[in-house]
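One chain comes next, on its own, written as structure tokens: the form predicted alone.
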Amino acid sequence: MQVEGNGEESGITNRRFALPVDAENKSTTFRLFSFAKPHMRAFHLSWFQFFCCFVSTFAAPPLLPVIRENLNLTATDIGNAGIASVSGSVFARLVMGTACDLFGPRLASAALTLSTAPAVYYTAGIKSPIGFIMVRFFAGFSLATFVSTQFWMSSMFSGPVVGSANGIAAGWGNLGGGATQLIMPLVFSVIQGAGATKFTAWRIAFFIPGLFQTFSAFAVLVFGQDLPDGDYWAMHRSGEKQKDDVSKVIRHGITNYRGWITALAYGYCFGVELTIDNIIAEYFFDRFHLKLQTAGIIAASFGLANFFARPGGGIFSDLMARRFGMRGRLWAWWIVQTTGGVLCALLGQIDSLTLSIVVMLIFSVFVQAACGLTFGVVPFISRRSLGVVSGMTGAGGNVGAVLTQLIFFKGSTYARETGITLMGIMAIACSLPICLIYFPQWGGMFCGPSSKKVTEEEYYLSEWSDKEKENEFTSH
């Protein structure tokens, strides 16, 4: 697969790179099956690391029928554990964004992945509900590698193809949420078949995702590179890249209202996806009285749609931008996310197993494509505070998941099917503020560009003061 940019950014040949690049040495093409250094190598390392973290974070839900029996978990315990798994990374994603801006995505992501792997290993030794909740909380911190993945892709690929790069990297990473629904029951069955009791087999099974998570972190450290021109630490030392002021980086990120809107909307596309990852296997197991493996296969099909759905959203965003500019990206995002909300609400109203599976599969495509479309817009919001805005948006996804599970899926206040319907309605409502996003150089959903003729360069340079520009604080 190859995606190419066009127009002024379509690329120049640079003998230092295997791919054509623009003036900032960002690749203007996206060649999926290439491992060319540094652009495509960064792509493959980032999605694989995020995939491993996703598998680890959601390794428990497909084994819940066994785990809850072993640890005597109540419905409230299970709900709290699901909330814990996605709440920890709210803060971690905010910090990860700033860490990427200051230290680079390579060191920031590898450090987090290595520091959270022990929580995955320790799952094998828990003996109480509170222990189960705590390991899911700390393992969930690793989901912040999503921010480094998006930051890394936005640093390596130019505007015409950045939506595709972001969408495919995140989509293939999120694929871990579906893959773990297949992997963990399979690993559990193999270990049990080797002679272990079921209460021992599920514990041993957690060493598999832990090992892969550890391996991915070392791979990023050894083979990755922060920017097309080198690593942050080397460029800081040589003077090629100036160290920025952390307070100003954060301030410019949090004062850009567009970042808050992307965070809200992402809370009800990716937040919905995280919630479904936590509840869907148990939902089908309990409501339709299925076997554990059968429920796991159905649940896996939701997450496995990330293989093409989220990448498709990113590619669709780029295609709409070529035809309609930023307005095309925004309209496509709103339409797809709203449709996903409608299908989610419908899923909760269906009593037929076959129809539920069909609607769930269609719903999965739209909600995951909406995630890809979100990050077809995020890279254009800020240059100086790209990591902060990416972190805010990513954290918004986790906040949405936490709030949704607290309100609709904690305890027995709502039946699972009612909670799913109400979650869909929330998704529809939270997509409406997308219409408020406006760029003076490109316009918004209902308005064209500003009459003041603001250029793209002027928009981004406004994040630096005149004094900072004089001191060559920008990294052009």
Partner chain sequence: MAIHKILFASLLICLLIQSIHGATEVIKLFSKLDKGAFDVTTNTSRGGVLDAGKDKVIVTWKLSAIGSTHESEFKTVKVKLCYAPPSQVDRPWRKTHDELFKDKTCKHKIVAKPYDKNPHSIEYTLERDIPTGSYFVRAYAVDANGNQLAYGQSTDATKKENLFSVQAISGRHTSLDIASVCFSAFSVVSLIGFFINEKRKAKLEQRQ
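Here the structure is a predicted model, which is why all the values come from computation and not from measurement. Residue numbers count along the first chain shown, from 1.
Below, we turn to the form predicted together with its partner chain, even though it does not appear here.
Novice: Which of 258-266, 121-129, 395-403, 87-95 has heavy atoms within 4.5 Å of its partner chain in the model of the complex?
Specialist: Single hit among the candidates: 121-129.
Novice: Heavy atom to heavy atom, is residue 75 within 4.5 Å of its partner chain in the model of the complex?
Specialist: Taking the distances in the model of the complex, the answer for residue 75 is yes, it comes within 4.5 Å of its partner chain.
Novice: Given that its partner chain is not shown alongside this chain, does residue 289 nevertheless sit within 4.5 Å of it in the model of the complex, heavy atom to heavy atom?
Specialist: So residue 289 counts as contacting its partner chain.
Novice: Is there any non-hydrogen atom of residue 41 lying within 4.5 Å of its partner chain in the model of the complex?
Specialist: It does not: once its partner chain is placed as it appears in the model of the complex, residue 41 has no heavy atom within 4.5 Å of it.
Novice: Residue-level question: is residue 218 within 4.5 Å of its partner chain in the model of the complex, judged on heavy atoms?
Specialist: Flag for residue 218 set to yes.
Novice: Given its partner chain in the model of the complex, answer whether the residues 254, 408 and 446 all have a heavy atom inside 4.5 Å of it.
Specialist: Per the other structure, none of 254, 408 and 446 touch its partner chain.
Novice: Note which of 327, 383, 248, 198 lies within 4.5 Å of its partner chain in the model of the complex, where distance is taken over heavy atoms; exactly one does.
Specialist: So the residue touching its partner chain in the model of the complex, by this definition, is 198.
Novice: Work out which of 212, 138, 331, 307 lies within 4.5 Å of its partner chain in the model of the complex, going by heavy atoms.
Specialist: Contact residue from the list: 307.
Novice: Residue by residue through 330-359, tell me which have a non-hydrogen atom within 4.5 angstroms of its partner chain in the model of the complex.
Specialist: The stretch touches the partner through 353, 354, 357, 358.
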